[in-house]
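Next comes just one chain, in structure tokens: the form predicted on its own.
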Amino acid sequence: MCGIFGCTSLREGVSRIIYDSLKKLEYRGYDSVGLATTYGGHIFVKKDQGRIEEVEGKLEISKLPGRCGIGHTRWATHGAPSKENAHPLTDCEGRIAVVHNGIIENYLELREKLASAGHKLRSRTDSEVIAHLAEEFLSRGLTIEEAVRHAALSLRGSYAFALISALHDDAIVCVRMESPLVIGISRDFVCCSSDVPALPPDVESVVIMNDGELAILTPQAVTIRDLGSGQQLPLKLLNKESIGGLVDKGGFAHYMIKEIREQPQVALNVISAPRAFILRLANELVKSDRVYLVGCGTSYHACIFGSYLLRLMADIDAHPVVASEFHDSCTRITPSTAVLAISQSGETADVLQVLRALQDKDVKLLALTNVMGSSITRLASLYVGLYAGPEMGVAATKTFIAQLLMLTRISIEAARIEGVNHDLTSSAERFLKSSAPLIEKAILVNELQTKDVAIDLASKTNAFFLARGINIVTALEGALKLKEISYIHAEGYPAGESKHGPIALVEEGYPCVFVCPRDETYNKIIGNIMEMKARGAFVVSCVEEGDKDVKEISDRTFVLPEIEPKQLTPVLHVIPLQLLAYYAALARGCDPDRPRNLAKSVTVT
């Protein structure tokens, strides 16, 4: 996730408007920033690594000349944070500049073709290909509008981008495909933005761009065209106030709920992520005689899930290990061992300690992280990004979903390399392709119900989260979320083990949350529910659509879409548990974004 903003105005000083709006978009990315304007037949670019105010202090990006420009605040997905990789990115001659949010799936293929045609690409980003493609089509005699349209049609993936040309001092061409982009119109200027809250206060009306649309912006006109046909489309103007009281956090009260609602887009990002690096990492896992997945907290729960999938789908000897316990629990380190470290921030001290301790040993160090350029990416020999965008809430939500989905992609590639479990991998791939709308449905269908259950839960001091099989991961994660932001003590536990001790705590009204997809554990977990009901438990169950048996014996239910394969049900069943934790925190008067005693990145061991 990155933030883009462009503005074309009747007056000078457009760079200040762009700068002020980029500050409002910094929640979308903050590892580098840049701005470009057109003036006197030239493009002026200033950019660097760092937060917006830091770069402004060094370069005074808000003082570039001109009436038309674009700006970008970056969350790195391709290429580490650096001046070279910061946007705007330009073509060979510096006559075109582009800012981009999203993922270009086929960028490696496009880079190769462009390089063969003589283009000089200077960054390590996927985004730079857009500028060079536009340059290529311009060289064939197309107008700027048609050059950009043909360039966009060459791309696969999710993207929103804005482009300016030295030959057109007052025009911005922008395109949307599965990444957000809105247009703001005022008396003196027209602008485009990744998000409504970044629009300047002078904006009077808004156009919400749809997927597959191209827009041409000038200070006094907006033209929308269909990307495929080039046909002009009607302009649908909205009054800015009619969109609702949108403020920072994208109109949400807290980052946590905003990030839960972003999970469908995260799913699109993960399934659109370039295959090359995922395939390379899967190859390293397949060549290993043993794989340890190492993480902490939520990332450790992802390690359990990933180990399960790698064993099941690809016949890989994979084991999850809590990072702080790695040296005590793991002794079989050989030259054929691989360690896959998982960390949202890439700065988790216990995980980094494992990698540093193994640096001098003959072992493969691999990583999954959401932060390019973090310490984990410098210690690992090979890493894959999570493509979730910045996660500001302390409680991990969208990055957990990204971890599950990326581990699924890795497991599918590993199974293909091994030539095993074809039906299972095909089923998993079908789920991945449909995961975004299914996640969206899981959120929308369960939001009101989770609010109601949260009110019942708010007065409690303890809760159990119980499941069997792969969904023990879901129970562990649901319990962690509840305890860390609502301060209700919660324990995730294998349902079959609950009668070996924990059931002693159950009394009238004791909350027991069960995860109950119709998989091979279904009949047994019904028995576990009955054990708790017999002792007066308040039973809340996550069930699949059409379920009657569990619904009948539960006090409350959250209903999830039924999917195959059942091994991937944690991706959906964790969602109502995230919502439940959020609304329980609100009901208890807790700030879900700032839980006590916790930090986003744990940098001490």
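Whichever C-alpha set is largest while still superposing within 1.5 Å between the two forms counts as the rigid core. Small disclaimer: the values here were computed from a predicted structure and weren't measured. Numbers for residues come from their place in the sequence shown, where the first is 1.
As for the form predicted in complex with a small molecule, it is not shown, yet the points below apply to it.
Peer 1: Determine whether any heavy atom of Leu121 comes within 4.5 Å of a heavy atom of the small molecule in the predicted complex, and answer yes or no.
Peer 2: The answer is no: Leu121 has no heavy atom within 4.5 Å of the small molecule.
Peer 1: Would His132 count as touching the small molecule in the predicted complex under a 4.5 Å heavy atom rule?
Peer 2: Contact check for His132: no, nothing within 4.5 Å of the small molecule in the predicted complex.
Peer 1: Residue-level contact is defined here as any heavy atom of the residue lying within 4.5 Å of the small molecule in the predicted complex; does Glu136 satisfy this criterion?
Peer 2: Although the small molecule is absent here, Glu136 would stay clear of it in the predicted complex, with no heavy atoms inside 4.5 Å.
Peer 1: Answer for Thr337 alone: is it within 4.5 Å of the small molecule in the predicted complex, judged on heavy atom distances?
Peer 2: Residue-level check for Thr337: no, no contact with the small molecule.
Peer 1: Please identify the residue among Thr474, Ser165, Thr450, Gln344 with any heavy atom within 4.5 Å of the small molecule in the predicted complex.
Peer 2: So the residue touching the small molecule in the predicted complex, by this definition, is Gln344.
Peer 1: The small molecule isn't shown here, but in the predicted complex which of Leu110, Leu480, Leu457, Leu310 has a heavy atom within 4.5 Å of it?
Peer 2: By the 4.5 Å heavy-atom cutoff, the listed residue in contact is Leu480.
Peer 1: Which of these stretches, 311 to 319, 97 to 105, 227 to 235, 290 to 298, has heavy atoms within 4.5 Å of the small molecule in the predicted complex?
Peer 2: Of the options, only 290 to 298 has residues within 4.5 Å of the partner.
Peer 1: For Phe538, does the CA position differ by 2 Å or more between this form and the one not shown when the superposition is done on the rigid core?
Peer 2: Comparing forms between this form and the one not shown, the Phe538 CA shifts below 2 Å.
Peer 1: Core superposed first: is there a CA shift of 2 Å or greater at Arg28 between this form and the one not shown?
Peer 2: It does shift by 2 Å or more.
Peer 1: Tyr27 to Asn269, Cα distance in the predicted complex relative to here: closer or farther, by 3 Å or more?
Peer 2: More distant in the predicted complex, by 3 Å or more.
Peer 1: Pin down for me whether the Leu586-Tyr27 Cα distance shrinks or grows in the predicted complex relative to this form (closer or farther, change of 3 Å or more).
Peer 2: Closer together, which means the C-alphas of Leu586 and Tyr27 are at least 3 Å nearer in the predicted complex.
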